[in-house]
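A single chain, nothing else alongside it, follows as structure tokens in the form predicted alone.
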């Protein structure tokens, strides 16, 4: 049966005792769950349709044309209109729509009026619409899913490269270390924003391309910290003992040294997550990020600053960014305090 060792239990207990970090983790986890299941709450597709005794589930199922439900067109059903039709018919047919029955890509345009439209409970635009009539709440939620996915992929890739290269530099030292230092110093002087501008002018910077470009430059920062920590740990007795027992370099680095410098990684993880979110938002704001109409906080922020008469746009995205970045910071602070090895070290004179 799986069980945690006493020190790990103490770490988790200490993490839970830091209330703002613990509750931030709960709230952030709920936000992640809601964003990755956003189609159940925010979508222009019905959760289910009951028509002539049969049940249909369009949200994660097939695309049903209007003729499937007795309408006179072959393209995808407008389930908001279908609900009105069923209500007018006073039949047993039924449509269940999400709380926000709008897609992040769908424009709600009105005759004689021009977007953006103010928040409206009747129209189910709880945070209003943007300058093209798209629901802001939908674009915030789907934009958060895009931003956190981008940030986590960037975190995994940059830490994998940075930790591996940094540990190797600190462990092997010598000419290997000096050569890589010079390469990294040259590489760090390449202007990142100019590279993004050049790439954006040649090809459409889609999600995978942006992640690859960011990884290309972002792995350098963690390398220096891991090099310093590994260099210090290499001089300790347990490393010499592992060498004397015939352990391979790979085993010494990843099985012995890396667990002892884990606190460095834990300390920087929240900053890396927030950095990834802010980087994508900034690139989208400047117009060098994801192509429209991809839901994006940066694109919403650009709309809001250009249309200050519609305060609900800039207010919504600003509040969302502040809340998310604050929660991640509180989680990181609590993790750092709870998993700090100095809290559980015993020194003997």
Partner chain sequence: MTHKSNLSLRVRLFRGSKRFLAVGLLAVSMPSNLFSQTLPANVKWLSNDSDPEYADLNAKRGGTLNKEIDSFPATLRSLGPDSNGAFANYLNPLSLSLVGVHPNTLNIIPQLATHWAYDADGRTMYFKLNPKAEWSDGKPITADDFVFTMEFHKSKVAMDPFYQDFWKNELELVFKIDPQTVGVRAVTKKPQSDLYMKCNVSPTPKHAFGGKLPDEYVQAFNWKILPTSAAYEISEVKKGKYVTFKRRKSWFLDDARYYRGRFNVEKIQFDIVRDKNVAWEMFKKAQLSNFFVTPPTYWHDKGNEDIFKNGYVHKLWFYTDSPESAVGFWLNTEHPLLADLNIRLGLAHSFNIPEVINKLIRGEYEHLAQAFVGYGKYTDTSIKPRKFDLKLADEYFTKAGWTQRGGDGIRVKDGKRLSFNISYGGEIMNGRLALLKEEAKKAGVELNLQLMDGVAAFKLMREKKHEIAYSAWTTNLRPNFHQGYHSENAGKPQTNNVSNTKDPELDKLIDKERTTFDEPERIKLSKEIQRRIHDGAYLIPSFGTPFYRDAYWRWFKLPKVPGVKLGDSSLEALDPSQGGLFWIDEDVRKETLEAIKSGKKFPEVVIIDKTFKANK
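A quick note: this is a predicted structure, and the numbers were derived from the prediction, not measured. Positions refer to the first chain, counted from 1.
This protein has a second form, the form predicted in complex with the partner chain, left out of what is shown; the following refers to that one.
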(request) Could you tell me which stretch in 113 to 121, 236 to 244, 166 to 174, 257 to 265 has residues with non-hydrogen atoms within 4.5 Å of the partner chain in the predicted bound form? (result) 113 to 121
(message) Is residue 307 near the partner chain? Define near as a heavy atom within 4.5 Å, in the predicted bound form.
(response) yes
(message) Residue-level question: is residue 206 within 4.5 Å of the partner chain in the predicted bound form, judged on heavy atoms?
(response) yes
(message) Would you classify residue 134 as touching the partner chain in the predicted bound form, given a 4.5 Å non-hydrogen atom cut-off?
(response) yes
(message) Even though the partner isn't displayed, in the predicted bound form is residue 109 close enough to the partner chain, meaning a heavy atom within 4.5 Å?
(response) yes
(message) Can you work out which of 286, 323, 27, 314 has a heavy atom no more than 4.5 Å from the partner chain in the predicted bound form?
(response) 286
(request) Could you work out which of 40, 319, 33, 63 is the residue within 4.5 angstroms of the partner chain in the predicted bound form, going by heavy atoms? (result) 63
(request) Taking only heavy atoms into account, state which residues of 271 to 294 are within 4.5 Å of the partner chain in the predicted bound form, ordered by sequence. (result) 286, 287, 291, 292, 293
